[in-house]
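Structure 1 and structure 2 below are two forms of the same protein chain, each written out on its own as structure tokens.
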Structure 1
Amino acid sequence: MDIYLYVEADTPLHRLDPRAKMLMLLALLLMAVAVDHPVLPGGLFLLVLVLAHVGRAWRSLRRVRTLLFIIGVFSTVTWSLFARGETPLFGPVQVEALLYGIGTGFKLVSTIAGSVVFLATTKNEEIATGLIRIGVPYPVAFAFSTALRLVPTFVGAGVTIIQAQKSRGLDVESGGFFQRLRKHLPLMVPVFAAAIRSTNQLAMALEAKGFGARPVRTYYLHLEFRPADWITAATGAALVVTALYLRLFSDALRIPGLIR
């Protein structure tokens, strides 16, 4: 079972420098939260779908499609009910509140989908090296890359444990949602035990290899900006500035009459 989001391919997104992709991801996150109107977040979601097609990341997006659907629908419904506006639509929902709810749903979905596309087109070691090259301390970059590596490992361990229990006759699929949740909870004990054992082994391996003994390190992966990377980085920087302007100084794409 493939538990990692990264997709091995040779696409324009894969060939970009990870630092340029990080800047574009930051721009996507800031643009998504810059305004309340759903037009911009919806357009960003369409852009993420285009990038997923270019980077051949559909397989990774399909694996989180249920999560994206649930988060999008739940956020839209929740904020449509709790936000307030001036134009009644139906029942307790106003037009402004519905627009805000749709915009919030697109914000969350586009940011999560964009992050998935980033992980699907960027290797873990490229992320770590890119963080170091932009000035992040090595221990912090190492911890971040290790977290990205261990999360799929723990998920895989959980899937293996559940499949092993099913092969022994344990029924975890019948019943309602809460019944199935109650059946899965005892299976988390061996997952946590495996996680503690793995982290302990990792800590001993780092100590045995003298982690942090030398302040100056050498790296196998060397990064170098090419013209496409400079264009991507410049575009990302322009989008970051635009997002900050829209959020702090502009009333464009705001929802008139919205009361949050």
Structure 2
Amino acid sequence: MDIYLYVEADTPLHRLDPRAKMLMLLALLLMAVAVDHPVLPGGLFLLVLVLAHVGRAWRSLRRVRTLLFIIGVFSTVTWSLFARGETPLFGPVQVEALLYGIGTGFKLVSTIAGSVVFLATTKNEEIATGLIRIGVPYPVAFAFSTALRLVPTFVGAGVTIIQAQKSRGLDVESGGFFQRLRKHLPLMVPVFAAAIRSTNQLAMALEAKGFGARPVRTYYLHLEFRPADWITAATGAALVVTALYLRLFSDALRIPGLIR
């Protein structure tokens, strides 16, 4: 089952070290929230689209386009109403609030799209290894990557359980509100039971593979920082500093007259 966003390809983005990409993603997140004016987040969004093209991530981005659209609109509308400004536009909305709303919309959309590009070009195991290399303890990273491995298994089990109970006449769509809620029990119990039943099996298999046999273990997946990774990481670091500067010490790209 194809539930993850990864796209198999060999592009410069795919070849980058996951740690370099993580730093770049962090930089993107910080840059996006550094200022209120929509110009910077909007620009970042365009940059993400360029990166999506380079990383051949269009397929994955298409999968979340509805979500991006809803989030963008929702945020614009919400902030137009929640924030205040000096220049009335229409009804209760001021120009500054609308600008802020659009800016926030772009902040969310650009960061989510940026993450999608990251996920489309980085394998699950690279993320896990990257996490270990930046200091996440091995058992935690192990639980993370095992969960990633098991998600498709439980999605499959969930689909089968729904079909099995439907075959026995379960109809989650009908009935009153409380009834509909309660009708999820025949679905949730088997899902839980499936997980619980496999606990001992998985734990035994884990012991049988020598988990924790040595204080230090080897990591088969080798990550190596190449020049391109250094350049990316350095750019990322510079952007992080810029973002912090813009946020904390600079008045550039603020929206004058915005109150919130």
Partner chain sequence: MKELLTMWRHTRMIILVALTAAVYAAVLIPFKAIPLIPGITEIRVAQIIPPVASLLFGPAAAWGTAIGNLIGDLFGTFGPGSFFGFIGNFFLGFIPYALWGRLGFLSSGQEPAMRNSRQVVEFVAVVLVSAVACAVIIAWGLEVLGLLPFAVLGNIITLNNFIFPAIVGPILLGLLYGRVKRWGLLWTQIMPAEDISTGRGTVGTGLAIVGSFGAYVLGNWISISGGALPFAAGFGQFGDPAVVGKASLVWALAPFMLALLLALFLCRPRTDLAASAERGMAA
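What we label the rigid core is the largest C-alpha set whose atoms superpose within 1.5 Å from one form to the other. Residue numbering: structure 1 sequence, from 1. This one's a predicted model, so the numbers in the text were calculated from it and none came from an experiment.
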- Note on the structure: Mapping for form predicted on its own resolves to structure 1
- Query: Once the two forms are fit on the core, has Phe192 moved its CA by at least 2 Å between structure 1 and structure 2?
  - Reply: yes
- Gln201 C-alpha shift between structure 1 and structure 2 of 2 Å or more, rigid core reference: yes
- For Ala213, decide whether the Cα shift between structure 1 and structure 2 is 2 Å or greater, given a superposition on the rigid core. yes
- Message: Core-aligned, what does the C-alpha of Ala147 shift between structure 1 and structure 2, expressed in angstrom?
- Response: 4.8
- Query: In Å, how large is the C-alpha displacement of Ser174 between structure 1 and structure 2 after the rigid core is aligned?
  - Reply: 12.2
